[in-house]
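A single chain, nothing else alongside it, follows as structure tokens in the form predicted on its own.
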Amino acid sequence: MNQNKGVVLKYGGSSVADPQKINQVADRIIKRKESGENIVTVVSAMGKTTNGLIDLANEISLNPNKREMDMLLSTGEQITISLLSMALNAKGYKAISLTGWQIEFLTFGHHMKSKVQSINGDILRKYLDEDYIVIVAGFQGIDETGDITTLGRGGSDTSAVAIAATLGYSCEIYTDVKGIYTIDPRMYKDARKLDNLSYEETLEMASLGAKVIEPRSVELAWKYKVPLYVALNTNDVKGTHISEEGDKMERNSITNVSIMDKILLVNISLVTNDVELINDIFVKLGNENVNIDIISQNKFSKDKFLVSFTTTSDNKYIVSEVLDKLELDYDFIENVSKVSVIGNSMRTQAGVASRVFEILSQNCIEFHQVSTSEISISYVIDDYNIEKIVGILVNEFEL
């Protein structure tokens, strides 16, 4: 029986976009296998396959059935796992591809946005004990009725971490960037790569717009203390390690500036501060699986109240339906993004908020909403000011 410790390797769609890249991934897996580790590899669909499948569905229906969408979208990862397993077998290594339902990757919740319930680790251990390299389809599972489900965008990261937690392995996520940066290098070419981060900082970054890693995967890793590593898919440069404590050394109060685009700001005008009505609004939005972010309430006079919240712009149609049914007076502000400054040290270093407000004031940059946590401050700002504020914040906090 193979009792070696192991690792879960996750490769995104750009890493397995064509047969040549799949063979390169196979060679990297073999190198790790030769070091004596048990290997489980989780992969996404090839390249932009998922986008292509969504486009196909939209040619059939403007509002395709979500159960059938899960059936369709899950096929993308199945293509990748079979090809990668073929590549490994052709190179003389025992490999087997497994779908979500084959490893009893049980989920609950809504189709296309399902959540992880449990995984049958014994199925995986059986193949690992027989010295197989196990290739698992990310992003997919099955629900209690046996229907195929998917975990939503970025769900392969969540799949990988959930499998690592089940097996007691570490998890390494390989992508097309060298790690996690102080700011998206596509927005600021001189961004600095971070060698170490805490789970808390990484979760805050991912939740506030950093696109390198999926928030739910970080949340799972934190909960089950799964060591995470994010790196370039060639693995020839040092990536970012994510752990309980991150970098123990004193450092800047700000670690990262994150941008979340495609934000929808919703303003609802009310003539009374009716707590029951406000509750009803958010209950109905929750029932439609609309994720609400920043919420604020202001009183302008005895008969004028404004309730505002943000969500993603793809929820515009659903929000309209809910508010129209409630016969409410509302308007949307679009073409806005959320800019967030993040850092563990903010909880012990004073003055960060005042510095950011001063920057906005000095540069005549207006904001629609602001929210805070212990380690972050977020502002909803018009898109045309994003590039300007990013450059200023990077210089101010030496990122």
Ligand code: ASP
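Bear in mind that the values here come from a model prediction, so they are computed numbers and not experimental data. Each residue number is its position in the shown sequence, starting from 1. Think of the rigid core as the biggest set of C-alphas that the two forms share within 1.5 Å after superposition.
This protein has a second form, the form predicted together with ligand ASP, left out of what is shown; the following refers to that one.
> Would Thr41 count as touching ligand ASP in the model of the complex under a 4.5 Å heavy atom rule?
No - in the model of the complex, heavy atoms of Thr41 and ligand ASP never come within 4.5 Å of each other.
> With a 4.5 Å heavy atom cut-off, would you call Gly141 a contact of ligand ASP in the model of the complex?
The answer is no: Gly141 has no heavy atom within 4.5 Å of ligand ASP.
> Are any of the heavy atoms in Lys304 no more than 4.5 Å from a heavy atom of ligand ASP in the model of the complex?
No - in the model of the complex, heavy atoms of Lys304 and ligand ASP never come within 4.5 Å of each other.
> Can you check whether Lys316 is within 4.5 Å of ligand ASP in the model of the complex, heavy atom basis?
No - in the model of the complex, heavy atoms of Lys316 and ligand ASP never come within 4.5 Å of each other.
> If the cut-off is 4.5 angstroms on heavy atoms, which of these, Lys94, Arg153, Lys91, Lys225, is the one near ligand ASP in the model of the complex?
Only one option qualifies, and that one is Arg153.
> Please identify the residue among Val336, Val356, Ile342, Ala45 with any heavy atom within 4.5 Å of ligand ASP in the model of the complex.
Contact check passes for Ala45.
> Would you point out which of 262 to 270, 122 to 130, 154 to 162, 306 to 314 contains residues with a non-hydrogen atom within 4.5 Å of ligand ASP in the model of the complex?
Correct option: 154 to 162.
> Under the 4.5 Å heavy atom criterion, name the residues of 52 to 86 that approach ligand ASP in the model of the complex, in sequence order.
Residue within 4.5 Å: Glu77, and no other.
> Does the C-alpha of Val370 move 2 Å or more between the shown form and the other one once the rigid core is lined up?
No, because once the rigid core is superposed, the C-alpha of Val370 moves less than 2 Å between the shown form and the other one.
> Inspect the rigid-core superposition and answer whether the C-alpha of Leu53 shifts by 2 angstroms or more between the shown form and the other one.
Superposed on the core, Leu53 moves its C-alpha 2 Å or more between the shown form and the other one.
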